[in-house]
Every structure is written in C-alpha cells, then in structure tokens.
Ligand code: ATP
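Given as structure tokens, the chain that follows is alone and in the form predicted alone.
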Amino acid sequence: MSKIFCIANQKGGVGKTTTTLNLAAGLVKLGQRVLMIDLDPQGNATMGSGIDKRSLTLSVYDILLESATLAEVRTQSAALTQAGCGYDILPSNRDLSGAEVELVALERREKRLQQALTAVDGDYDFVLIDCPPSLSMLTLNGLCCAHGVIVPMQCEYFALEGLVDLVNTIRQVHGNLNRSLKIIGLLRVMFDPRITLQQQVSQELETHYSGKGQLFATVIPRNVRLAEAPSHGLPGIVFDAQSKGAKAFMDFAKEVLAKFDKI
C-alpha cells in the first residue's frame, strides 16, 4: 500500500515545491517507487520535473473531472530517468484553476483524487502531493487522500503564525473527512544559522514538536544551487548532487524512509 503525503503550507514561498521535487528524487535514489502529483495550477512542480506545462494534452485537471484515468495522465521526464531519479508525474497547468469552480457542483468533489489513486495503489511506495498555498478544493482533494502532511517552513515569526492555521485546518479535515490524516513532521527549510531569529524559532520548534515526534531532525540550508535547479527542469539533488542543499535533501529522504514503518 502506498504512503500518500501532502507537502502543504498555507503560506506561500516556503519551499513546498522544492521539498516535493527533491524528496521525490531522493526517495527514487533510495530504491523507492514514487508518484509526484502537482496540484498547483502554477505548474511549478511540473516544470521543475522537466515537463513543459504548456504542451500538456492531459493533466490533473482531467483526473479531477474524470475525463481521463491516472494511468493515462501520468508521465516521466526523460532527463530524470536518465539520471536514475525517474519518478512518475501527474502534471498540471493553468487549466487546473478551472477545476476549482467546476468541482463545486459535482458529487464527491473532495474525493476525486482519492478515487483515482485507488486504481494504482500497488504501483508506488510513496505518493507526494504538491499542494497550492491555500485551503482550496484542490488542497482538500490532496488532504482527503493523504495519510499525512509534511510541512516545510522557514524559521521566521510569521511562519509560526501560519503554522497555527495549518494545524487547525488539518484537525478539521481529520475530524470530518479523513481520519487517517496527521502531521508527519515539520521540515525547517531555507535555514541560515547566522540569523539569530532563525536560531530562536528553530529552538522553539524543537521545544514544542520534537517530543511529539513531529519535527524532522534534518534542516535544509539556504542554498543557491537549490534555487537554480528548477530553471533547468531538475530537482537540486540531480542538478548538483554535491551541493549542501542536495546533500541535506538526501538526508531528509533517508529520514522519511527510516520513519516509514512507524507512520
């Protein structure tokens, strides 16, 4: 049975897509079968995986509207496959914005993705869902089929404020729609140890979440090579495997895999 994780945070610009791409590539390097789902209409995870969102004939939009099956939509990047990090991709583009409006009047509107995934449950060890930075019908579809949520966050004051809202959202979905949903862990990203505030926020997270097993030990540093990688259609792990950011994400993939049996 696949482990399905949403990478989510209602705050934008916190590294959700970077986390999704590099965790997917890292898990494949560790011998896992991975499906990456791009639920954001911006299509950044699609482009960052080497797939041109402008030339798509089918996308996640077609799955949610049930005009195509998951097996028909999934694709792979030739460059990632050649690099030994080939994961399957459910791509997205601007068409997905229309799904927000169209789903409102449909039956099982929040369960469409879950239904599609049941058909390929045995095909993957991990399914990673890159969610948009809002509590939308798209995010709800991701949360309703997930076993847990990985929360990338910067060690800043406003990130802590946003975390409270996200935890409340997860509790509501857990109580009303998906009893399996839980926080798998918080991942500190874009961390700069030279900034005192970031050190303080990191320590506060350790105080409140380490004891609950909800804080990943791995810390992802702020790294230029990770930021450059998407423009080349590659995760940082593939673009520059020797960079500090890539090595940190490999450590993170190993930590997720080690935690796998406990989830």
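Values in this document were obtained by computation on a predicted structure and should not be read as measured data. Position 1 is the first residue in the sequence shown; the rest follow in order.
As for the form predicted in complex with the ligand, it is not shown, yet the points below apply to it.
The partner is absent here, but in the predicted complex a heavy atom of 227, alone among 197, 30, 65, 227, sits within 4.5 Å of the ligand. A single residue from the set 162, 86, 133, 148 has any heavy atom within 4.5 angstroms of the ligand in the predicted complex; that residue is 133. None of 55-63, 206-214, 38-46, 232-240 except one has non-hydrogen atoms within 4.5 angstroms of the ligand in the predicted complex; the exception is 38-46.
For the candidate spot formed by 11, 18 and 223, every residue has a non-hydrogen atom within 4.5 angstroms of the ligand in the predicted complex.
Contact annotation: residue 166 falls outside 4.5 Å of the ligand in the predicted complex, judged by heavy atom distances. In the predicted complex, at least one heavy atom of residue 190 sits within 4.5 Å of the ligand.
Contacts between 101-120 and the ligand, taken as any heavy atom within 4.5 Å in the predicted complex, involve no residue at all.
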